[in-house]
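What follows is one chain in structure tokens, specifically the form predicted on its own.
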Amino acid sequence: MLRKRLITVLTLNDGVLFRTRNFQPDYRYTANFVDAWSVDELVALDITRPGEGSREHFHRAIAELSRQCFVPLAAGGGVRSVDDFHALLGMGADKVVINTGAVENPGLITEAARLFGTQCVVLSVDARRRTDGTYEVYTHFGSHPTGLTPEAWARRAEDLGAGEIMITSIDRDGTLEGYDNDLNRQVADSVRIPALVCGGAGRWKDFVDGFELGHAAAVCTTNIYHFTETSVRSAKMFLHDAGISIRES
């Protein structure tokens, strides 16, 4: 049995670590962050809006993270071309997260997978719940509806060469109210590749639910940790006691 993964997501606004709520920068943490806090992987996302900061600040943050952490690192935000893949991988990222750029140019998934391998391509799917209970994919920091359903887009991305799907509930982002496991399960069950779920975790039990109800291969979170090593270890102990197969250190 493959072990489940615990992933920390870092959202960086102009190179500074922020928490978000419903995809809006909500609270500034710090410009300095070191260590991997015993998690299995890190995801670093540039949430800087166009015209509001420098891309170079994010690039410097990725280079510093890759130098100081010893777990796989995925980086994304504003990826529109294979040149962006080259740049982030050259700074030390192991994987690249692509979102809006993939919707605008689905062929980019195939091109990147051919050049760098499917394991390098992580498709980020941001979704909102419609009033009728169905879901729709959004792009451009959760502001543009696409008309796509998350499960259909995930299946197509898998066919195009994506190695993982990262599904985020915009409605749950930063709320600490738990994952939207109806959304997560729909996407996870529609693909054969690993599904990473994000958006809303507020207690250790939410991680268990993400695995058991959301059928996730990995659970992602930001705000719950408060960036302390002890809390991540506590989370892993809780998951182990709940019967989830996960790396404990």
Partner chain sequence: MKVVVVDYGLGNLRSVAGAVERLGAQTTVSSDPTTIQDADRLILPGVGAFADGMANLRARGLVDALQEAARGKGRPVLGICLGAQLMARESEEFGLHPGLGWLDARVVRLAPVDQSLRIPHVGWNDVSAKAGSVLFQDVPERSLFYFVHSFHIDGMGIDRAAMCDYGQPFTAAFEADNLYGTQFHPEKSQLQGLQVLRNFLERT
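Numbering follows the first chain given and starts at 1. Source: prediction; values computed, not measured.
There is also a form predicted together with the partner chain; it is not shown, and the following applies to it.
- Contact between residue 105 and the partner chain in the predicted complex is not found at the 4.5 Å heavy atom cutoff.
- Proximity of residue 119 to the partner chain in the predicted complex falls within the 4.5 Å heavy atom cutoff.
- Contact check for residue 68: a non-hydrogen atom falls within 4.5 Å of the partner chain in the predicted complex.
- Within this chain, residue 53 is remote from the site of the partner chain in the predicted complex, having no heavy atom within 4.5 Å.
- With the partner chain omitted here, the record of contacts in the predicted complex names 83-91 of 168-176, 83-91, 123-131, 138-146, defined by a heavy atom within 4.5 Å.
- Here is the short version: of 39, 201, 61, 183, the single residue with a heavy atom within 4.5 Å of the partner chain in the predicted complex is 39.
- Looking at 162-184, the residues that come within 4.5 Å of the partner chain in the predicted complex, counting any heavy atom, are 163, 164.
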